[in-house]
Every structure is written in structure tokens, then in C-alpha cells.
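Let's start with one chain on its own, the form predicted alone, as C-alpha cells.
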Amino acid sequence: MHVYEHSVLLDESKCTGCTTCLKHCPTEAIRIRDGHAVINPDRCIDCGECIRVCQNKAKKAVCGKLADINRFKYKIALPAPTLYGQFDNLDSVDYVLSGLLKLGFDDVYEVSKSAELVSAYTRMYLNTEGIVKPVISSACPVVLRLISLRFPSLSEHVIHMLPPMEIAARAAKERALRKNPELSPEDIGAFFISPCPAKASYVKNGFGSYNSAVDGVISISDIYFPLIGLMKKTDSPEVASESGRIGIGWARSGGEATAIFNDSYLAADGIDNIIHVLDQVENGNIPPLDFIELNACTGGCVGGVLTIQNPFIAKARLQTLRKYLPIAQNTVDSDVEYIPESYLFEDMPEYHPMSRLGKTIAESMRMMADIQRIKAELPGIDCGSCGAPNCRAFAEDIVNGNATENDCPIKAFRLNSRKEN
């Protein structure tokens, strides 16, 4: 059985056992045990919220290093459009692309270029008869894992379109082989420069039966300082960018949705907000929509935990950068009738749903009744002193054999007080 390899890990030596991460984890994947946090890998969605809120830097993202590119003879950088918003007074993307070449890459292929093509094929998909609406974007890997774990009934709403990162990796390798026929596919490495750890998890684990074409993920925060030292305003970089407003706009919340040229959409960002939206979609409590764009990070990818710049400042910089660009530099020919197979993935991954308690319905119902009974006997103040985020989660831990009622200090204190009286 495949074991899911996460990119958000805990450094126990730095963890003080405070309950900050406990309170902010959207899937209740964290507990405090023996004085430090413990992450349940079956519930973790690699959203990075624990990294964002941990004051002790005990949570960390595990990505590749810049030196990893040297494993390959021919090295390709795949910059996320979020990267462009990290630099002050940037008036041309070409400075970033030129800097990446100076950093040691042999070629640069913009992910924003592929984003424009994905947008074009998404418009085609939305006009297909018989699809289940609202269609939910497949671009954010956190959202995909969240749907599979917590909202499996919504899987049929997810568009089976590969994210721009994957399309870019394939296209970049094909271009490299055309330009350099002496190379073999094994000589070429494509590295995504990422704003979030979830992309690294996507590359490590694949998605369903799909294996990623990306060979490594390097965080924006790791590449920023080496890169900025090579981006000199005195240079006149060659005009290399092949992206327009649509592609670069994918870095912010709403960028993907507005590119469908359809007002019947919803764009939400921030993990708590997207959970609320998914709840409403599952309950049917949402107006008729064609498309839903969901980004786990506040502001969209510009809010990823592996970025350097404040997301709102980065968003403003991108807005300025996009001002003088064409709408798009990559389009689909009008006579194209079908979405290429290379743009699609076959199946959603199968995970054990969070809501499933037992192996059978009868067992799950018995466990649910026990949870409700135990919860009714608890203080109900959700203080986190027991090591669980709330009383309901603590009751579930007791039923699953991961805790005892004596682990609640308030209840234990009350019982001892009654005995003494």
C-alpha cells in the first residue's frame, strides 16, 4: 500500500507543546502528546497553516534544494507566477527569467504560459454537455486532498484538468528534446519554483494513477536571495516572457476564475473559507454556478507559506506588472474540438474519509453514539488542555482508544473535588 509522503513535518526539538497549531489546523490533524505536537498523516493536507502560525518554527516544509538541479545534465526552471510578485520595482518578467538562467538553469519555461492554455481548455470543458456543475478547479493540491478526505461526494465536481505546473513540465521537456536532440529524457530535469509545500507533496506522491512530470520542487523562499543578487537593473535582458495577463493572474485569487470569461463563478481563498464553501456545495445551499475556484492560501498562491513578500503587496505588484501585457500570449486554435488527453488526469486518489469512524455502518453508528455521550459529559469549553483541538475531537480520540477521560484536566479536577467533598 502506498504511504502518502508529506512535505509538512514537525521538528520536535523546537516544539514547546503550545496549542497554537492545534487550534488552527483545518482538519484537526494535530494533537499534543508528551509535551509536543503530533501530526496525524492521514488527516494532514499539507496546507501549511501550522507553519504559518507556529511561533517556535517547529513546523517546516520539506522541499528540494537548488543544488538538486545538478543531478541532471539539462536543467529547466518552472517559475510559478507568484515568484514575479516577490520583487520590488520589477517592470519586466524578463529580469526574473534571465536571473534564473544565471543561477544555473539551462532553460526557463513559465508556468503562467501553460496556465493560459489550461484556462482556454477549461472554457471548452465548461461548454461540454453532461458535466456536473458547479465545476471545481483542480489547480490547488490542498483543495484536492481536502475534497478526497472530507468531501468525497464532491469528487465528481472536480475538473480532471492537470495543473499548469504539470503541463509546463511536459512541454518544457519536449522543447528541450527538440532543441537538443543529443539529450535523452533522463538527462532533463524540470524544477518547479513553488509558493507552497502542497506542490512538493503532489510531486512526491502523484495524483491517483498519475505520476508527476516534475523532477523536483524548490521553494520561492530558498531561491529568492540567490536570485535577487543576479537580477541587475543595469542589464538589458533578452525579451523572453511568453505570458499575458491571464497567465500571471493565476497567482492571485480569482485569476483562474476570471479567465473563463463567464460571470457564473465563485472564487474563495483561505482554508476556512473554502471549507465553508465546500460545505455549502455539498448541502446544495449555493446559487447555480458554472465554476468554483478555491485557493487554500489567503489571497491565492501569493499567500503561500514558502513566499517572501506580504501577499497583498505581492498582489499589488503583479497588478502593476500585468498592466502593459497583452491579455494572453497562448491560445487554442478555434478549430480545436477536443481537450488533448495530455491535459487530463484519469482518477481522483482514494483515501480513507475523515468522517468514517468504523469499518461498517453499524460500527460507525455505535461509535458516533459513544462520542456524543462522552462529549455531553465534558466541560464543552474547547480549551485544548487535553491535547485535542476541541471536546468533540477529544471524545473521538477516547472512542478510538487514543486518549482516556482522565486526560481532560478540568473533568479530572471536578471529579477529585467531588470525592473530597
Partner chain sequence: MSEELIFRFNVDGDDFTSAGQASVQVKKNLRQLGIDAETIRRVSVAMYEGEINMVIHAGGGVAEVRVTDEYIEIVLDDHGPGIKNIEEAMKAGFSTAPDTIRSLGFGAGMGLPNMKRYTDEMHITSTVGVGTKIVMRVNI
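Positions refer to the first chain, counted from 1. Computed from a prediction, not measured in an experiment: that's the story for all the values here.
We do not show the form predicted in complex with the partner chain, though everything after this point is about it.
When contacts are judged by a 4.5 Å heavy atom cut-off, E396 counts as touching the partner chain in the model of the complex.
Contact check for S355: a non-hydrogen atom falls within 4.5 Å of the partner chain in the model of the complex. At the 4.5 Å threshold, heavy atoms of Y95 stay clear of the partner chain in the model of the complex, well away from it. With a 4.5 Å cutoff on heavy atoms, Y84 does not count as touching the partner chain in the model of the complex; it lies far away.
Note on the partner interface in the model of the complex: the residue among I361, A67, C383, A376 having a heavy atom within 4.5 angstroms of the partner chain is I361.
Put simply, of Y109, F191, Y265, F151 only one has a heavy atom within 4.5 Å of the partner chain in the model of the complex, and it is F151.
Just one listed stretch, out of 212 to 220, 333 to 341, 277 to 285, 183 to 191, contacts the partner chain in the model of the complex at the 4.5 Å heavy atom level, and that stretch is 277 to 285. Residues S364, M365, R366, M368, A369, Q372 of 363 to 381 are found to place at least one heavy atom within 4.5 Å of the partner chain in the model of the complex.
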